[in-house]
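Form predicted on its own, single chain, as structure tokens, below.
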Amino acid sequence: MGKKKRIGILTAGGDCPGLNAAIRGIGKTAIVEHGMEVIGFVSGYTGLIYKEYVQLEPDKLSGILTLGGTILGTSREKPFKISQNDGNINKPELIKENYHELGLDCLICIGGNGTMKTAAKIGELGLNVVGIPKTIDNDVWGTDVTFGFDSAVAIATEAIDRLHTTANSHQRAMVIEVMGHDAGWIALYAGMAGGGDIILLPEIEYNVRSVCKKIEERFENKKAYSIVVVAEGIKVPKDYSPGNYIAECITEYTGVESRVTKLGYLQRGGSPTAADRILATRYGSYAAEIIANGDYGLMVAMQNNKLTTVPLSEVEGKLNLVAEDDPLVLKCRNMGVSFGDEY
């Protein structure tokens, strides 16, 4: 028998539902199926730099499937970005030293775009690395879906559902601001699932007058209220939040009373949905499988509902964005949903 493989896991960037399910999927498959040893680095890349880690025995992996957050903790540490606070610390060199001192055969990095970029750079140091994509924004290039997205959409959809009753009771325009700096996937999916009348995305340029005209048309057609779903990344004047700007414009230009709800970090918290638990588990288990096969420098991905891999070097610097001709955008338009670009 050969040497038992030893792998490290870290979770980096913002937290999201499903991280613990992914850790569990990696650990259980690695230990049970392949007899590997598994350690987890604390607080993302910070733990890797300062060699802070925990042994992930089977008992530590039990009971975490349904938990939100991450048992390993996370941070937004960027080890390849030079900071004045770093002094004489060479973080990439420390990563390399710690990797070898701990006898790692591979490092698994779970995170979004920034995490995948750093993982690719770690691979360039000559270390074995595998990436697992997570983010509620669903904007990681190379995969059809990231875990965390379904949970965020479910939370946003429930919020929209609840706003319908208040909007109807007071005959208002209710504006709900959801996450999505560059990609409007949450706004698009939650907007459709929640029956939004207007959906504003970073990828589709809108005109606020068009938004207001849609509101006016609805009230002229005896529609008692309107639901406007806004991604946080849409362009607005300086010093405005997207939700506040749209709501103020609606009131100013139409006279219709409007209110804003900002979900913020609520979209990241709590237990993952069943879909995210399954996806995260599949990603984690698949990562362990490809390591067992000696494949590295890859990010696990889902394409056409099949597990696959893409080179980490190809993921860097790209985003998965909503296209103007995305099938869901076209379906929404066919049902009369406005994207603020009609007039």
Ligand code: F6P
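Residue indices: 1-based, along the sequence shown. All values derive from a computational prediction rather than experimental measurement.
There is also a form predicted in complex with the ligand; it is not shown, and the following applies to it.
Which pick from Val230, Ile132, Ala119, Ile136 sits with a heavy atom within 4.5 Å of the ligand in the predicted bound form?
-> By the 4.5 Å heavy-atom cutoff, the listed residue in contact is Ile136.
Q) What is the one choice in Arg259, Lys223, His181, Arg162 with a heavy atom within 4.5 Å of the ligand in the predicted bound form? A) None of the others qualify; the residue that does is His181.
- Query: Hey, with the ligand in the predicted bound form, do Arg76, Tyr265 and Arg268 all fall inside the 4.5 Å heavy atom range?
  - Reply: Answer is yes for this spot.
Original post:
So which of 99-107, 172-180, 200-208, 154-162 is the stretch with heavy atoms within 4.5 Å of the ligand in the predicted bound form?
Top reply: After filtering at 4.5 Å, what remains is 172-180.
* Using a 4.5 Å cut-off on heavy atoms, what residues in 273-298 are near the ligand in the predicted bound form? -> Nothing in the stretch sits within 4.5 Å of the partner.
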